[in-house]
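Below you'll find only one chain, the form predicted alone, shown as structure tokens.
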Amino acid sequence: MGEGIEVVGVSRSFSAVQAVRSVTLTAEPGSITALIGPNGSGKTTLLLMLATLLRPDAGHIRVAGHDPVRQPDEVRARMGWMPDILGSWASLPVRATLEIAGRMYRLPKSAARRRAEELLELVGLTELAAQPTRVLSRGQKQRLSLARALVHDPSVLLLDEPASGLDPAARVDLRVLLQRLAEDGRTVLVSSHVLAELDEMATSAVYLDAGVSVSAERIAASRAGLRPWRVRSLGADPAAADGADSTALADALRAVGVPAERISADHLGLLVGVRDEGDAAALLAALVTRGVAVSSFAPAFGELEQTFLDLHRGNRS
């Protein structure tokens, strides 16, 4: 895999608790790979093994071509690790935190100082550079944590919930930054519950379920069922969810051949089950031909979120 990540048949238990049972995945240079799964699925345990902080019970791992167990120093020199909670000295100023991190990676003092200034600008913390880390908000601590992970210019990034605590503008900035880092040839592995954000930037995804990486066949099966699309028309009342089947829009859907069991509603309006984008395009064309003033027609959930929901619910329809 060169500068990428390779995991084959990895497992890890804590006494009687099997946190990771069997995980296999690859993440390639120049890509952003999403690591997705419910709480307790083994995501953080897997990241800790990749980061050289836990030893796997079985299987093998390569990070940037090196084994985290036998070659931890080689891995750490090439890997940037951003945990879900920033661990830092509360009284240490933000700038000093980054300078010390640089020195720990054996940067000369002047180089560590320059790198700290670059990263403060990159993550938008220049104005807080002299403040102790204890005054930072949750989102600001996330930005500092990301800067610290980048201090030695790693080729592999492991990010655990990087968007946690960030406001909408900061999340956009994070997405743009990670895309830029990937375009520079880095391997980026991101674990997050903010699936809408991952949908905007991930180039591939790995799903974990009860400590096991979900097979491509199971993912394909989950995608073979109906997917909800949200449809709105001018004059339709989204608040009338309980009586949606009697609205003109629901009547129009039935009139163009949509079975009643594929039409549902929530507080935002009507949902209709479609099998794929071709099915959706044909339905939209039929509604427009019938004279329905469609104002919105799109998937109710992003691709990653919908796949996660289907897998979690065991959807095989």
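Predicted model only: the values in this text are computed from it and were never measured. So that there is no doubt, residue numbering starts at 1 and follows the sequence shown.
One more form of this protein, predicted in complex with a small molecule, exists but is not displayed; see below.
*Asks:* Report the residue, out of Ser31, Ser264, Thr26, Thr44, that has at least one non-hydrogen atom within 4.5 angstroms of the small molecule in the predicted complex.
*Replies:* If I apply the 4.5 Å criterion carefully, the residue I get is Thr44.
*Asks:* Taking the partner as it appears in the predicted complex, which of 256-264, 285-293, 270-278, 35-43 has residues with heavy atoms within 4.5 Å of the small molecule?
*Replies:* Looking at the other structure, the answer is 35-43.
*Asks:* Might Ala19 be said to contact the small molecule in the predicted complex, defining contact as any heavy atom within 4.5 Å?
*Replies:* Judged by the heavy-atom cut-off of 4.5 Å, Ala19 is in contact with the small molecule in the predicted complex.
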